[in-house]
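The chain below stands alone, shown as structure tokens; this is the form predicted alone.
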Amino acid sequence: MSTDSFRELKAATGPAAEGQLARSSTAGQAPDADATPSAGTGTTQPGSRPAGRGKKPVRRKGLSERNRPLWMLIPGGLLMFVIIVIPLFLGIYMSALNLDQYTLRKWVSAPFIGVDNFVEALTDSPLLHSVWLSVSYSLIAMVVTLPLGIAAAVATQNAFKGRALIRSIFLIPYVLPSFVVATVWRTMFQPDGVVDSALGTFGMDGGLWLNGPQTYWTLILVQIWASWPFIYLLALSGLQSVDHEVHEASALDGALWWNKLRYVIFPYLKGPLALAFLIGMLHHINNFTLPFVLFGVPAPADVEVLPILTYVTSFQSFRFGLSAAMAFVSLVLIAIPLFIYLRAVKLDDAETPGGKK
């Protein structure tokens, strides 16, 4: 634009547009940012925030993303529902029916008798005797296996020549199936078997191990032999958690082996041994294979533990409703120590610094 043309426009438009025309006369220079935009353009008003530069809206997690870990539990949950929950409710329903060999064919429409099976189980059957046998023999077996497992763990904790071989030998009773253990011991306890022959060399008469009043102690002996390596494994894992500096400090203080065992080692073994005691008790009470193979069916009255009694009531007496009631009683018997242990663990966690209360 020439100088004369600029002057003519200045005179025509007045001084208000002088600055704007001066700036627009320069080639490639943008117009004033404070100028009012024309209608239809995408520019913003003066002082306003440009579009797209504000705070982005927070994207909320959808149900699919938030609950994805729960979805992964569905296959296992369905399997547990089919294997555990449905048979549990069927057993409870069967316990309320007069279900035997005569009504089994149409068991859904068997006579409903309510709690009569539970009353008969507690009053007119050897259920309470079987419960006493199961609890007593399990308790005796655990009381004996605890010191055996701890002693074996302490003996094989430190490195020495042949330790791996000794540990492997200790685990033999644990890795063998229960029916193999029961079959071997049944053969050994036969009249004129290995046990009677060994006792005969010392002038002792073994007697009848598989029939009679000695069967109770036979069951305890075999159960101890089969279950003490489990205590050994958990005690050994607890010993591995003892800090090496604690051993060094007790050695520098001149602590005797008993004081070291009592005040250094046992505090670390309290948790593993409590868990081992609970699992061992529940396993012994529910152990069906060992007494079934060892003594056969019908078993002697001194070893007719709860699983054997339930099996005999179902498949020899064909009192399926009564056996379902017995099975429910055994379930309650198992749930009591389990609930006590879980409650104790929860209280211990609450008392721990940083634990949830």
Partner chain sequence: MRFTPSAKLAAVLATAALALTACGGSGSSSDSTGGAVDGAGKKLSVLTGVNNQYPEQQKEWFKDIAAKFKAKTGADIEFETFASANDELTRIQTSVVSGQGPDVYSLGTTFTPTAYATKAFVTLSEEDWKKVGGKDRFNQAALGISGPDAEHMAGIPFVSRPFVMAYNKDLLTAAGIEKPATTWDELAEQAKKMTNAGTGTFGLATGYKDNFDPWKFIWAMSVQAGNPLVDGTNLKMDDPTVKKAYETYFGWLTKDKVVDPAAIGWSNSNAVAAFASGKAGYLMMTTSSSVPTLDKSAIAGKYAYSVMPTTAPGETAPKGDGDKAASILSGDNVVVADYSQQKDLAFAYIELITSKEEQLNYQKIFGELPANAEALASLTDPKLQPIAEAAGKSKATPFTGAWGDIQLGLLNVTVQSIPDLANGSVDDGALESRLKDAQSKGQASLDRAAKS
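Residue numbers count along the first chain shown, from 1. Note that this is a predicted model, so its numbers are computed, not measured. Superpose the two forms; the largest set of C-alphas matching within 1.5 Å is the rigid core.
What comes next is about the form predicted together with the partner chain, which does not appear here.
- For the residues Q157, T183, N259, N211, the 4.5 Å heavy atom test against the partner chain in the predicted complex is passed only by N211.
- Distance criterion of 4.5 Å from any heavy atom to the partner chain in the predicted complex singles out P87 from the list P147, P267, P87, G206.
- A residue is said to contact a partner when one of its heavy atoms sits within 4.5 Å of a partner heavy atom; S237 fails this definition for the partner chain in the predicted complex, lying far away.
- Not displayed here, the partner chain is kept clear of L221 by more than 4.5 Å at the level of heavy atoms in the predicted complex.
- Of the heavy atoms in S197, none are within 4.5 Å of the partner chain in the predicted complex.
- Contact check for S136: no non-hydrogen atom falls within 4.5 Å of the partner chain in the predicted complex.
- Segments offered: 248-256, 71-79, 147-155, 93-101. Contacting the partner chain in the predicted complex at heavy atom distances within 4.5 Å is 93-101.
- For a residue to qualify, one of its non-hydrogen atoms must sit within 4.5 Å of the partner chain in the predicted complex; all three of T289, V297 and A327 qualify.
- Contact residues in stretch 181-200 (any heavy atom within 4.5 Å of the partner chain, taken in the predicted complex) are R186, Q190, P191, D192.
- Once the rigid core is used as the reference frame, the Cα position of L331 differs between this form and the one not shown by 2 Å or more.
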